[in-house]
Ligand code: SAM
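Encoded as structure tokens, the following chain is the form predicted alone, with no partner shown.
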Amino acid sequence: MSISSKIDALPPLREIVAQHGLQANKAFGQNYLFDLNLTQKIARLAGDLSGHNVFEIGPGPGGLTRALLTETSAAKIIAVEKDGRFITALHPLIDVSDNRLELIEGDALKIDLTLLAPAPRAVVANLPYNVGTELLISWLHQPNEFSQFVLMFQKEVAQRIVAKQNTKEYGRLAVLVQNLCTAEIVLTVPPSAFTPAPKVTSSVIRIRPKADTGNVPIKALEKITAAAFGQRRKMLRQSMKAWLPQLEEMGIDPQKRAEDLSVGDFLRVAQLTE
């Protein structure tokens, strides 16, 4: 029997949630996707995952997990789940996965994914809203350890990731991501697709690390962008006063504001700081 047939024979996701009393926990930022057509579409957006170890953060009752097993050729799906309530509920899926699914109970913020499985690696996940940005920034510290990230965020967060210079969405997240990766929004998901329905629209974004990120001092960039955009209404002479010598060397007018600097400008400031 094929893995698709085995998974189709499992109880529907709604039945699993009801059977195990798995009401969504707001503290964990949980919203369930029961639409298997949608989860399959998200899995396919990752493209060819042959030979990859794919990490899913927060599998919940396993909707996207099922899709990753049936719609991709990933060698292994490693699901990291913080909420212990789901461990028992996910075990039947492990049993029919032909040894392709591994479940780890733990906090993804405290786990170095690169220690769990060898490259090539990818992350495909409907990230918990409350920790999604923090998780992404943590992975940016070692971007070349992953081939790609296909992640669901609140639409507003996704827009900040792909934002361009001199727009209201442009900020720290855009600078950090775009210096290290290419990013594009590939799918928009309405609140009605989730149970319970969140108050916001969601977007799936595909992020691919650039080939050479060795000259990007990520820690310096974090510090500089936190200062610059933490006071984004102020002129650079105030918000970035600690880096005025670097701005002067680059010929940047200190009366400008943070959104006036390009992604490349911030990188040059960071490199001159190192």
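Throughout, we count residues from 1 along the sequence that is shown. Just so you know, these numbers come straight off a predicted model, no measurement behind them.
Another form, the form predicted in complex with the named molecule, is not on view; read the next lines as being about it.
In the predicted complex, no heavy atom of P191 sits within 4.5 Å of the named molecule.
Within this chain, V162 is remote from the site of the named molecule in the predicted complex, having no heavy atom within 4.5 Å. The named molecule is not shown here, and in the predicted complex it never comes within 4.5 Å of any heavy atom of K155. Although the partner is absent here, G106 sits close enough that one of its heavy atoms falls within 4.5 Å of the named molecule in the predicted complex. Using a 4.5 Å cut-off to the named molecule in the predicted complex, each of Y32, G58 and K82 places a heavy atom inside that distance. Only one of P128, P143, G171, P120 lies close to the named molecule in the predicted complex, with a heavy atom inside 4.5 Å, and it is P128. Contact with the named molecule, judged by heavy atoms within 4.5 Å in the predicted complex, is confined among 32-40, 207-215, 245-253, 221-229 to 32-40.
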